[in-house]
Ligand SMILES: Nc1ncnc2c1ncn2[C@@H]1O[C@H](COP(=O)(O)OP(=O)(O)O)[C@@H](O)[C@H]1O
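Shown next as structure tokens: one chain only, the form predicted on its own.
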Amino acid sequence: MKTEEKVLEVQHLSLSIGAKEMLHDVTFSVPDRKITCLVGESGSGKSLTMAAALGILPEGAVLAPESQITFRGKDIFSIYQDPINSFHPAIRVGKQLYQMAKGYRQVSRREFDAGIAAVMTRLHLADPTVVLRKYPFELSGGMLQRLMIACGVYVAPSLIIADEPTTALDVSIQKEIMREFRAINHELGIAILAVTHDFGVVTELADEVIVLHHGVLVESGDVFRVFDHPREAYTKALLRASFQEERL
């Protein structure tokens, strides 16, 4: 793919649950080999937009006929908000990651163990063999999130979609995870769509930013343009709130 191509395009996305329209005419694209942040407060429609892109809508959700979602890559790998929910508590994490990886490529367990250990070492995760033999409850949320990132790197998708990837993590762990996202984007050319409510995450990660409010896209574009010259009052309010929190 050329760098100017779009790995994901969402056009005229409108979605209703029952009689209530949750998303209205949302149109945006995710450039190949770049990091795009989809940002907005709770209830803005971020998670529903992510679910629509992944084709996993909640029960009762209906897409409008004009909605179009086009994915031009090979695979999408998703990383969810609470990493513990991605793992069965009674199965060792190495086996579970192997099952995830097999959905993307045919690989033996021996090949996988060697490959994922190499990725974990690259991401500065100590003792891969020991970690992979642990159960989820024996690991921190930050470590489980890093394991999901490592699995994403191992399967080498065209796009990683991450839903609130740093929520509920310590600040130091948040910084490390964002550095890891930026590193895999730069080094491997994997496009990333990060869904977040936090403009601090946008500051650290984004090349492009999309702002949602009550199911409507209110602003999008290059992150420096949006930060330096926000056009919409809602975007300005989000930025003010984010920077005030940082000063506290």
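A residue's number is simply how far along the shown sequence it sits, counting from 1. Remember, it's a predicted structure, so these values are computed and weren't measured experimentally.
Separately, the form predicted together with this ligand exists; it is not shown, and the next lines address it.
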item: Residue 239, heavy atom within 4.5 angstroms of this ligand in the predicted bound form; value: no
item: Partner contact for residue 48 in the predicted bound form: this ligand, 4.5 angstroms, heavy atom; value: yes
item: Partner proximity in the predicted bound form: residue 58 to this ligand, non-hydrogen atom cutoff 4.5 Å; value: yes
item: 4.5 Å heavy atom contact, residue 189 to this ligand in the predicted bound form; value: no
item: Location of this ligand contact in the predicted bound form, chosen stretch of 181 to 189, 40 to 48, 218 to 226, 198 to 206 [non-hydrogen atom, 4.5 Å]; value: 40 to 48
